[in-house]
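Each of two forms of one protein chain follows alone as structure tokens, named structure 1 and structure 2.
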Structure 1
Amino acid sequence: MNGREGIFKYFVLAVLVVIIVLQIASIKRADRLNDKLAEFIEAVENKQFGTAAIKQESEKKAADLPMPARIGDDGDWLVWCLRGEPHTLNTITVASDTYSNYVCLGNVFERLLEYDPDEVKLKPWLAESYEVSEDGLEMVIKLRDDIHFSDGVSITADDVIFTFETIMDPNIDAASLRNYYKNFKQAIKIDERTVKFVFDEVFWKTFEVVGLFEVYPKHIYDYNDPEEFNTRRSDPVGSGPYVFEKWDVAQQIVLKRNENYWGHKPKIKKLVFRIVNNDVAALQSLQSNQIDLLIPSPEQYYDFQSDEEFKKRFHCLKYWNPGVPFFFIGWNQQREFFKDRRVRLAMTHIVDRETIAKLLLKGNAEVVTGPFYPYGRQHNPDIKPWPYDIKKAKQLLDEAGWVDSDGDGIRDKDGVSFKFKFAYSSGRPIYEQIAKLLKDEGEKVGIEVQADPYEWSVFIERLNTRQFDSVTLGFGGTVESDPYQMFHSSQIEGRGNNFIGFNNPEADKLIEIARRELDEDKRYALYHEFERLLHEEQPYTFLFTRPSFRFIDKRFDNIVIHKLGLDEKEWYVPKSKQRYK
């Protein structure tokens, strides 16, 4: 019995060993196959479309390419830090997701026109030239003849029209984007390289809208069922200098350089977007060299800009550009409290914006008086912000009829006490601090404020359904913004962006006239007047805006601050300092 059992044991052991050996061997084999496959794919990608021929052609045309020649050494990666996971990498179906724009815009997808980063004017990019008719109702775009997508297929008028029609398709989830296309009538193909856009009415922003849409390849994105397009969230394909490599959910998105790019190729080989949600963790990964570029909070910037050790390793940049956000407190004018202009004005007087900018944001912020970029031409420089003045606030509230008639310390009118809720999205310390300050200051003038924090998605839902008394939020800026969405009375109904219900006929009129005014100087004069009106009416209490901050690894060179900000496509890393192969 014993002997037999022993033999059986040895037999089992032998089988196990054989199985393990076979397993290892098959793993090795798969690895080798993979390596070969990767080599093969790389070879195909580089050769299939006749890189040599394309190269020759682009050298010939190099002189009139829209971007400057790229200087410096080839190689290395740039590792970004994304503070949240993009919902989708499809820039058409995305609502207002900055993260996917960081990844795709200008890297994977390109646009017909681009802003010149120094002159802040539109210049041709994928387009060779563009022409606007005298009455402003037609725009003719002529495409370059040397442009092609990353897979080698050249870009034609069909792609432009496909992109336009996709955006206009009501079944595509692009409602917020479609807002800008309301006055578009149609896009007509004139020949292979020429497209004519026709509009219903004149609107200055139209030309920017045409210029700034990303051209999608029709042969890849074409769909029968709109759901097909809506659910295509990953694997973007465009004409840009980088192509999509992989998306590891909750970890990173990787783009690699488009070796077939039609223009001057950037020097950096790979863009990696690491997803780090937490403020402190992001800073730590920067310091441990896991990321190269971080957008710090104002407080982080303040703390590290004076740190000599840190400055030796990183560029600490602080610069103004039109993309900077402005923050505000919105007063819901559907509520009895905030219908009266004097009450809103009083509320502005109890917010000590100077001190908030100086102490809470450590001097890295500026008080604003309107929704426009404070260093742009749209902003009216004659308006001075209302001061912090408790006495004046009390006086205004008295005038508006809100007095404490029952001796409980809280102002009231017609039997209603002045108690309101202050909604904000939880998680950002600055909003919470503003809530605490507003509550304290409110008590000083006899108003009871109740902080009302919500998780972001619930918060947005309450905003869209108007279930709030007051709210604080930040909006991103653009080179020139149109206040129609935020302040025109037609945007109150439904889920428009005028969620505070600001309804002022004079403001409506100014917005409408300015939209149709194509002459810049006259238009800016109208916007100055509009800003003056906002200043008097205070539908928002405009808080502050702040410059952009960046911490960038010192090994990157040729970092230039343009009027429009940074352009990482002109950066490079000297050969000796390169970190990644």
Structure 2
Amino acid sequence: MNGREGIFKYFVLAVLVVIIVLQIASIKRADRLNDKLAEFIEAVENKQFGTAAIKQESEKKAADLPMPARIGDDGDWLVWCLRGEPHTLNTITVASDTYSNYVCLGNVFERLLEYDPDEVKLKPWLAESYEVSEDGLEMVIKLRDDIHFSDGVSITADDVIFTFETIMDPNIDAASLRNYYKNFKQAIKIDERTVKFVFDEVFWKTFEVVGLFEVYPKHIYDYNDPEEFNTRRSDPVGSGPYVFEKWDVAQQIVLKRNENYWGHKPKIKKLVFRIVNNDVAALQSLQSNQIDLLIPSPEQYYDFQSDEEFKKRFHCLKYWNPGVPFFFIGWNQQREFFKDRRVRLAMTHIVDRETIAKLLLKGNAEVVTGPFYPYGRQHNPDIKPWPYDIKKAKQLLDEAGWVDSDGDGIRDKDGVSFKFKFAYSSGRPIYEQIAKLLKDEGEKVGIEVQADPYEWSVFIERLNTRQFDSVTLGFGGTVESDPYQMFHSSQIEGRGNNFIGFNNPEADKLIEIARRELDEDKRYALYHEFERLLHEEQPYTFLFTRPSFRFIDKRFDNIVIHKLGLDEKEWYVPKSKQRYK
């Protein structure tokens, strides 16, 4: 003890000598230095040197973080059920899909800006701030100074520019994403943490597009040959709260918590994405505790929402949000059958959408007339769905020249029989039911429809390479969507998302004008006109939209339904209920 006291006295004496020297050099600072000395001696004697400063700095940092502090106990896993296996975990390439996003977005990769889930407004995330010029042709993004990738390397302007330039590289397989950046002129590095984006023309979605691309680490993803990037499917590295652990093909993808995360870490230590293609098997996995979160089919939700025993174990959630998908049948207009608008309209008339919504989906769906969120301002409420009308369908087919000229019961034209394949992702009862319905209704008007199911990753690749006659699918929405990606003729080639080949100059013009219109009322009026044109042309038969459904194990707490849906990073499991260690 005496030794420690001697060291302490010697240390204080040394400090005093230094202070005396400083006082001689600058008498004016004497009072302040004496104050500092008193604070120093008090801190040492109380064994609290630095504690207050560290606490204050920690509290300041926590207050500055974009995400809220996470409540609840640490530990446990969240085991998702994926209904299909992602083709890739590279979210920039066209091969990415809904399942890629479930795994990566917000977990592995993060964006410059994010939508506040309740205010539905963009707010800084990796960015500290952003400024837009008065003419809307420049946007300056300033990065936070405390952000870094999971390997500890700081995120800089070089990473932002690398990501942008990768998307814009025509040799990168990113056509569906690149279309959003057509008005971008260049990205300029101002300093290590500041980037200026310059645009050729105004685009109402520009600020969202700048903010909502995932920042990739240049030191990990930089490439000499674009194919290196295009073919990188696994081992994603980003700045998010989780890091990639493994991908057991056809079984599961595992992420573990990023203990080096720059922000508030979530409480759940692992995210496990189990791949279960079959609806029945998925529900059985939930009930046997092999998974924790299931996105049920509308039929499953209807069957179990009133099952009291089931509800004792699982949250049964149903909610609307702008991200709900719209489902459709797409008619490949590169095929002879579907080039004529009258044929496409006839196909819509043989699809009994009310029956699909009310009976097949147990009333948990609404018929839609276009690609916009039915409760948003983009949607044109004056458009009414085309009715189920077999007689009208026959009349339209006759007018288009598709008649049964040889008496075999199948319509034909110029020697081509009206027989086509209907492609869909296998293992989904609703798609199988729609396929059967389309086959039965087709027979009534002299058309032969063949079911053509594929495993998800194969299905997506056939879609991208246009190897289908017709297809059914669902596309997720956004707060306000830009139809350019799906409907502009420029997106037909290069594996763009206009995979049905819709080419209409009037539609192109409306999309282009709307993109440049910043006045919301005028822009919505243009989109109403565009939706009416789609209604007349019927490049798709728009089927239905439905609310989001979730079955979630009740050991998870703090599950909040926001205006934009759920945020699984808010959840936790009390220690007493934790299942995995």
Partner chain sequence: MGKQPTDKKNWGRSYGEMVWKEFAKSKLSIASLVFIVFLFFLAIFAPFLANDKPFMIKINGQWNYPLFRSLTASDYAVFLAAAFAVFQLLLIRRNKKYIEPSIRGQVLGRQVFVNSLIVVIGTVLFFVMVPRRLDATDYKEMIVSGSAEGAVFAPIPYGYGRTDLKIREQPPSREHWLGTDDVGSDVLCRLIHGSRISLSVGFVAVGLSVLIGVFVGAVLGYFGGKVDFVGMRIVEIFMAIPPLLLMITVVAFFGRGLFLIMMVIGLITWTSNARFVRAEFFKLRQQDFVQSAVSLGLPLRSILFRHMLPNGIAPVLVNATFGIAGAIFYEAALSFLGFGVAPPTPSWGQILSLGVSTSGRFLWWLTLFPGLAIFLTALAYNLVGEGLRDAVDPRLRKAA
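Between two forms, the rigid core is defined as the largest C-alpha subset superposing within 1.5 Å. No experiment lies behind these values; they were computed from the predicted model shown. Residues are numbered by position in structure 1's sequence, first residue being 1.
The form predicted together with the partner chain: is that structure 1, or is it structure 2? That would be structure 1.
Can you work out the angle, in degrees, by which the smaller rigid part turns relative to the larger one between the two structures? The rotation of the smaller rigid part against the larger one between the two structures is 22 degrees.
Enter the rigid core superposed C-alpha shift of I356 between the two structures, rounded to one decimal in Å. A shift of 3.7 Å.
If you line up the core, how far does the Cα of Q334 move between the two structures, in Å? Once the two forms are fitted on their core, the shift reads 9.3 Å.
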